[in-house]
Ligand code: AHR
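Next comes just one chain, in structure tokens: the form predicted on its own.
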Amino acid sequence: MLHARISLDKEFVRATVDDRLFGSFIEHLGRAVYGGIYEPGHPESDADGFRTDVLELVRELRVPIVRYPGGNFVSAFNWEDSVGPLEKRPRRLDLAWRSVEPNQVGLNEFARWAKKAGTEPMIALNLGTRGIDAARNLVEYCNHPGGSYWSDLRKSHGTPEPHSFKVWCLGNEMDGPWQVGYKTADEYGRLASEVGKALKLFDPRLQLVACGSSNTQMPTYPQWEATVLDHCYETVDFISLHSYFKNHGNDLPTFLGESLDMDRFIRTIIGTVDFIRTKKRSTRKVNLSFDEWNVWFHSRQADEGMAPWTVGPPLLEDVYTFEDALVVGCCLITLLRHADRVRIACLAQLVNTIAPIMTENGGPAWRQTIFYPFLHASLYGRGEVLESMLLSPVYENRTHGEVPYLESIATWNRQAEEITIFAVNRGMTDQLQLSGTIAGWEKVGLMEHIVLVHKDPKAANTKDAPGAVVPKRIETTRLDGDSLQATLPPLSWNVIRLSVRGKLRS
């Protein structure tokens, strides 16, 4: 058996969690929209064509913000195509995913869906094929109350009230040669600065996200961030990070350590941002938006050879396994650990396309394995992140070096009077005995210990077996005063919930 310790103290709070850390992403890609959130004629669809079974699952996740409409899609997207009478909207060829975009779901429809889902749109602008004019016109269309050309056009389209979208992405992955309108760091940084200036002249309260590196393997990383921010540091509020994790060669110990790469990525970008802040002698703090992240590798070969130029093709439909859920859990813990600077994060994506929710056209919707750690983090990870003191044994890995068997973080929700300990046991065969000290509260009680565990790391939830991998409770966990004793099964995601009350001890 492995042994590890965690110590928590009410005096030591690391960060306040921005609820937007539990955001997601809907792109006009594959069946994310057509066949995902939108399927007119489906037995579960409402009068607007939105699937209510999918809406229920999204609401269950309590997703506070959803990035839209892309992604690579946005870099050749003409937003004007997506508004106005449905019968007059053009069908366009989407060059990013070689699909047909019918524009039956556009900006106003998505805004209605977001209200039903209880979430806020995070709108991405096309800075690939377009620039300042298209961006400022779109913001006026969406956010101005009325009395101007674009706002009155919105009203004529049946949307009298402004959307008041708050967060705007200045393009997508502009460092990527695969991107329509790919730019150098100087080209993009200059454009982002000028677009951002125009948007802030319209409304200085808007929050703007500049494109960071598409991944850590880019040859320009992290110089890209330094150059871009040299241009637009005083204009933007966030720099974006994107990263997808994969199981190279079916090597589970290495795969389970992928969150260490996420951690290094975040630390590197924080250092780069703060270098530019110091260089400019600025008093502004630019934070991080990790607005694309997930496990993604299952569907890459399956999508090859798919016929182009269709509506809603089944692209990037990863069927997630139990081991994928463990990696997603480790990534969520990493994001919480950096909640002082990572203020927005978007699991990419939300439905069908590398997503926690899967659907069948005309059929059911179900929860994939990764649904559960994301659900638990969203429900119980809000509030404040405690400074967790951890002692854990490690294993040596040729890719990641020393990898702790225990990955863990704890949050404190003052309003709910709860502490939640999130923990992953990376041990392949060994249980992990977790000893904890909970100091500073007058009264601490054990509420529950939830675990996601399965004997087969490759187990998956499917249409025919949607409950193959589901959480359950452990009844052996004990709390004696301030002392916690919990046994974490091999390869497991754990959520230990404690009630806390009372004043700080003198």
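Residue indices: 1-based, along the sequence shown. Keep in mind it's a predicted model, so treat the numbers as computed, not measured.
Not pictured, yet referred to below: the form predicted in complex with the ligand.
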Proximity to the ligand in the model of the complex (heavy atom, within 4.5 Å), stretch among 451-459, 38-46, 51-59, 24-32
24-32
Do all of 77, 101 and 312 end up near the ligand in the model of the complex, with near meaning a heavy atom within 4.5 Å?
no
Scan 359, 213, 368, 349 and let me know which has any heavy atom within 4.5 Å of the ligand in the model of the complex.
349
Only hit among 207, 108, 72, 235 for heavy atom within 4.5 Å of the ligand in the model of the complex is 72
Examine residue 173 and determine whether its closest non-hydrogen atom to the ligand in the model of the complex is within 4.5 angstroms.
yes
Using a 4.5 Å heavy atom cut-off, state whether residue 316 contacts the ligand in the model of the complex.
yes
Just checking whether residue 275 would be counted as a contact of the ligand in the model of the complex - the rule being heavy atoms within 4.5 angstroms.
no
Can any non-hydrogen atom of residue 292 be found within 4.5 angstroms of the ligand in the model of the complex?
yes
Across 83-98, which residues bring a heavy atom to within 4.5 Å of the ligand in the model of the complex?
97
